[in-house]
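Given next, in structure tokens, is a single chain: the form predicted alone.
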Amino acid sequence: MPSARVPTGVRSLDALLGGGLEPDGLTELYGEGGSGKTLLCLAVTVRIALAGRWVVYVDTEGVSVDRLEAMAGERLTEVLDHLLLATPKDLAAQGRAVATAGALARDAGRPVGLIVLDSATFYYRLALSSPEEDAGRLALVRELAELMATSRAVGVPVLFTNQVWRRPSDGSLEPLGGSFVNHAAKTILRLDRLEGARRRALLVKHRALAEASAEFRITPTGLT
């Protein structure tokens, strides 16, 4: 199993992560809308694809093709040639897409360098406070368990984004999904919006690094 971290290409974030994403565990990104979660997923996707490895991207919220093109530039075709995109329309379809992602990563015939689930909790949130809430929670648990097992088995980094809710008592933002989601993720980054294009990443959890933060900036062509 490979031990080297996988760089995101954003220097401040790679320094924060001790070199990049760990290849044998799940990395969770959470934060309010517009904090840069999807853009970071796309930035890593472009980097991995241009290195000649495949990216399996499960998209529940609608990836911006314009953003992807701005990041890839003239090499967009190379990125698309190494991108396997699934767009599930409900929680059951999301589960099937995650299972397919795991099977593809385990298939030695296609070198998968990254799995992205963006966002893991979009359809789960729709099930909250409904008769499907328990089924939705169980489906989310199974998906993350599948991704965790795949990452450990074949050494492929998994990046998933999570939505947030605001705690009534103090107004703080918390990730959806409860304790299992936080337990499944070996690395957790909270992304915060600052002034203008500036964003802050807070390393909330890491199995080897202490809590710390770093800043980055959203540009027309990606992150810097």
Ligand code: ATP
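The first residue of the shown sequence is 1; numbering continues from there. This structure is a prediction, so every number in the text was calculated from the model and none was measured.
The same protein has a further form, the form predicted in complex with ligand ATP, not shown here; the description that follows concerns it.
Using a 4.5 angstroms heavy atom cutoff to ligand ATP in the predicted bound form, none of D24, K186 and R207 count as contacting.
Heavy atoms of L176 never reach within 4.5 Å of ligand ATP in the predicted bound form, leaving it off the interface. Contact annotation: V63 falls outside 4.5 Å of ligand ATP in the predicted bound form, judged by heavy atom distances. In the predicted bound form, no heavy atom of R47 sits within 4.5 Å of ligand ATP.
Proximity of R193 to ligand ATP in the predicted bound form: non-hydrogen atoms within 4.5 Å are present.
None of 166-174, 152-160, 48-56, 193-201 except one has non-hydrogen atoms within 4.5 angstroms of ligand ATP in the predicted bound form; the exception is 193-201. Residues of 36-67 placing a heavy atom within 4.5 Å of ligand ATP in the predicted bound form, in sequence order: G36, K37, T38, L39, E61, R67.
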